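Given as structure tokens, the chain that follows is alone and in the form predicted alone.
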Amino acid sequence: MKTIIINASPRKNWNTAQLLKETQKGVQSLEVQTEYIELYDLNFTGCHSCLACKLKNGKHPGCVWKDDLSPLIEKILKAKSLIIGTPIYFGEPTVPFRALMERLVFCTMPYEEGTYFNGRVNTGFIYTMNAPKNYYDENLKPYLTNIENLFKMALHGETCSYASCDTLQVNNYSMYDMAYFNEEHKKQVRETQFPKDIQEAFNLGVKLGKQ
């Protein structure tokens, strides 16, 4: 069984991706097979509310809509664990992250007691954001915990998460309209805190690999 690692950021080589690559190394250190997926490379939408996943005597679990996301949902439901990383934009995970969540959670649960999915997939979350740590703790963490609980409800596994805060957005702030940010401060955080974030991401991968 694989650990599925999903980058829900449009940037393939920046903060979120770098941390996810470390989680992948953590999982692989335990000789667990992994698959790394760029969510922005896939062609899909949110749920179409076709209700095909709720048909009596239907084929469950999974999403039957014909696009690139349905095969990924099948992989997740067969996985040992799932790790998904997303930047936080305007206090929210990215749109592709939310579309994946919507489709995955909806297709595993009927509108009655019981579940379509009888397996167990533990899930890890990596969040990156420009916001400082205290803002995350006070304002974002409760909301993101509710999202994590939806995955827990759908996949019946444990969840864990790590947030990398006050991140460096670009290498040269003078090239952009970003006067609200202090480039010197951002680069200092990058030099002092981001290496710790890298280690925590690796540790998260080890934790999920052991479960």
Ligand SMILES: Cc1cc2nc3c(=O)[nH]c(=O)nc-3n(C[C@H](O)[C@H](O)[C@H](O)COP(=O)(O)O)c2cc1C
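All residue numbers are counted from 1 along the displayed sequence. Every value quoted in this text rests on a predicted model; they were computed, and no experiment measured them.
The next section is about a form of this same protein that is not shown, the form predicted together with the ligand.
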Original post:
T115 near the ligand in the predicted bound form, any heavy atom under 4.5 Å?
Top reply: no
**OP:** Mark W14 yes when one of its heavy atoms lies within 4.5 Å of a heavy atom of the ligand in the predicted bound form, and no otherwise.
**Re:** yes
Original post:
Taking 4.5 angstroms as the cut-off for heavy atoms, does A99 touch the ligand in the predicted bound form?
Top reply: no
Original post:
Might Q24 be said to contact the ligand in the predicted bound form, defining contact as any heavy atom within 4.5 Å?
Top reply: no
Original post:
Pick from I84, I88, L72, C107: which residue has any heavy atom within 4.5 angstroms of the ligand in the predicted bound form?
Top reply: I88
Original post:
Okay, which stretch from 164 to 172, 141 to 149, 42 to 50, 28 to 36 lines the ligand in the predicted bound form, with non-hydrogen atoms inside 4.5 Å?
Top reply: 164 to 172
Original post:
From first to last in sequence, which residues of 106 to 129 have any non-hydrogen atom within 4.5 angstroms of the ligand in the predicted bound form?
Top reply: T128, M129
